[in-house]
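Quick setup: one chain, the form predicted alone, written in structure tokens, and binding and motion questions come after.
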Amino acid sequence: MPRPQPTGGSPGTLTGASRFTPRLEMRPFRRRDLDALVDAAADSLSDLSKWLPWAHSGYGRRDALVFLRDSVSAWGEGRAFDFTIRYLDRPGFHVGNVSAWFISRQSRVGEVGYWIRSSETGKGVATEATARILAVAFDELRLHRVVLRIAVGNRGSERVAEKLGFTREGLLRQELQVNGVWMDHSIWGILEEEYRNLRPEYADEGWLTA
């Protein structure tokens, strides 16, 4: 298929269709994803709790249900767009989450975030899924700029940002409290023009279809 052209104009919204990469399906969450989400979180809490405030030791079905309800609501209201990540050959297995949301609609600025279950890290899933969510952000939401915020010390997430061509722009001091500790976060940005120049490289790497 031809490469999507810049759309410009006002920010857009998203349909509920699945998005695909060579290995992955990314789709909106459904209520029936509850057990798969709880299972993935339980597999990953010891790692995620270092960086994410929601990943506390008591995380369980109630927490996951609150997330699913908010995710469905946020999608319907156009506030944020959460995707469950699944392998094409294992559609019932929750690999992780990837999301995009608006920071400023007027300025066409958004943010992306992701987590990958511990058993599946180191396999390039985060990079592949984030490459696809950038296509969503720039081609469908019509954003001009996308940022990532990464806890200082989370080298795995920094590598994703580096591979995708984000620029490290600065440090947000004590930006988020995790397990009672205020944590600094680095902020990374990528512009629409940069994304469009990099997209052929994403395809060459196998993260997107050409």
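Since the model is a prediction, treat every value here as computed from it, not as a measurement. From 1 onward, residues are counted along the sequence shown.
FYI, the form predicted together with a small molecule isn't displayed, but the following is about it.
- Remark: Asp184 does not count among the residues lining the small molecule in the model of the complex, judged by a heavy atom distance of 4.5 Å or less.
- Taking the partner from elsewhere, Val125 is found to have a heavy atom lying within 4.5 Å of the small molecule in the model of the complex.
- Though the partner is left out of this view, Asp47 does reach within 4.5 Å of the small molecule in the model of the complex, counting heavy atoms only.
- Contact check for Phe67: no non-hydrogen atom falls within 4.5 Å of the small molecule in the model of the complex.
- Here the chain stands by itself, but in the model of the complex one stretch of 24-32, 56-64, 137-145, 158-166, 158-166, has heavy atoms within 4.5 Å of the small molecule.
- For the marked spot (Arg19, Phe81 and Ile133), a heavy atom within 4.5 Å of the small molecule in the model of the complex is absent from each of the three residues.
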